[in-house]
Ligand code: HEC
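Have a look below at one chain only, the form predicted on its own, in structure tokens format.
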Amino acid sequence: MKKSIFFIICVAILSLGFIQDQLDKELQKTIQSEQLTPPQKEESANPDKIELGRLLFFDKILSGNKDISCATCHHPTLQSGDSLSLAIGVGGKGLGSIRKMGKNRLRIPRNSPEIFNRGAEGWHTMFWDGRVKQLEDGQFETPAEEKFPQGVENVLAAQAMFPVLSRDEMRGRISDRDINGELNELALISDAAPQSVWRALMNRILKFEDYRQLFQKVYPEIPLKKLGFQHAANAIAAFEAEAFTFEDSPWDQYLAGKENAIDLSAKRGALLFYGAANCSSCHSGNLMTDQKFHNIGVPQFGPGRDNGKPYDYGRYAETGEWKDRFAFRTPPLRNVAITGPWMHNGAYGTLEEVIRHHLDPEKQLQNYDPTQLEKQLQKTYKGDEQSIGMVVETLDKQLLNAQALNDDQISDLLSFLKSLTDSKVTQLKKMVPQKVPSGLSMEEDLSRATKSY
């Protein structure tokens, strides 16, 4: 009897080894055909530049009312996001899930995206609608057009130039006063004069001796009077690239040759991702995004954006092309399992729901349950027949023939997506400074604001 049990165990072990060997062989072929390679960390910037960027990233002096910083919506303890479906900008108080709206304010119409690995080579677009783009010749296409300054070092720095211009995100309204009751001088500037806003911001920043000293260290060849906000943006980008780049997930380890870094379920999920499920047609390459724009039928809710209110037309607002209505840029997937809520507006609270949406977007849109949203947002859900019809009209054709997946296959896909999480991304509280040069508050209750997905 004992010999029989021993024999069965040996056969099971050998079978498991054979299955694993076959999976690894198939995956290696896939990795070669997709030209996937272990990530290579970019060379770190000057430490003084990184430190300058870190302080600016957490300093509310960059906002018109001095009540919000870059970190409010991209916080290290919230996996570089804010845990909300739609962000809360100027006038809000608190951090993450406990953040409260200011009086008579509207939600930001889009989800605060995670900012992992944005310093990696290959990025050429920023924002959900791609309104900031770096061309092959190194020049930038931005909303500022010819008013965009020279000296911006990369597309990540170009992105950092624009939240400070947004009245809802950071700059504030014309009638606003700051936290000290003083007139918000940034809000008084015309929307047509971004250079004046950037200049006023630098005037604010350089009033503080600590900032003056750091800028002189980082840019010794440029007199303080000649510094522009692009130099601050370059420092913020250097910090983001250094602080939020993670390249040692189990999947990264597997790409580097460590075959036992991921389990059988994740390996099956990887084969589905790059094979039958066709996820990699959009989530392609080492960045896991084609940086293109697709309408995948995401439910509409929130205040809407620009001239499209109460809808958010996405890329269409930038191009004016009908095919781009409700299209948004493919998000990258590194650390995706912990960066919810997901979609351009945080429509889903679980990654499984996101996968199921991709398999049949029209059905999921028709049956969307808005009660998963915060109560404030449930009232803004546009689930009427006309709204759904508008979204479906330009649905990406790649999704129309999605292969059906059973529960086991979806579970395998989830295992693969979880293997994209670097364990160090949950240990980022140490990058939060004790104080910032402006002396503005850092009072957010981080312990209550953290999340777990």
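As the structure is a computational prediction, the values presented were derived from the model and not from experiment. Residue numbers run from 1 along the displayed sequence.
The form predicted together with this ligand exists for this protein as well; it is not shown, and the discussion that follows is about that form.
Contact with this ligand in the predicted bound form for Tyr311, defined as at least one heavy atom pair within 4.5 Å: yes or no?
No, Tyr311 sits far enough from this ligand in the predicted bound form that none of its heavy atoms falls within 4.5 Å.
Could you tell me if Gln372 has a non-hydrogen atom within 4.5 Å of this ligand in the predicted bound form?
Outside the cut-off, so no.
Heavy atom to heavy atom, is Asn234 within 4.5 Å of this ligand in the predicted bound form?
Asn234: no, not in contact with this ligand in the predicted bound form.
Is Ile174 a contact residue for this ligand in the predicted bound form, using a 4.5 Å heavy atom cut-off?
Ile174: no contact with this ligand in the predicted bound form.
Within 4.5 Å of this ligand in the predicted bound form - does that hold for a heavy atom of every one of Leu36, Tyr254 and Val392?
Contact check failed for every one of Leu36, Tyr254 and Val392.
Of these, Ser265, Thr380, Ser196, Asn278, which has a heavy atom no more than 4.5 Å from this ligand in the predicted bound form?
That would be Asn278.
Which listed residue (Met202, Ile338, Leu351, Ala243) meets the criterion of a heavy atom within 4.5 Å of this ligand in the predicted bound form?
Here the answer is residue option Leu351.
Segment that reaches this ligand in the predicted bound form - one of 202 to 210, 179 to 187, 88 to 96, 364 to 372, heavy atoms within 4.5 Å:
Checking each option against the 4.5 Å cut-off leaves 88 to 96.
What are the residues of 64 to 86, in order along the chain, with a heavy atom within 4.5 Å of this ligand in the predicted bound form?
Ile68, Ser69, Cys70, Cys73, His74 sit within 4.5 Å of the partner.
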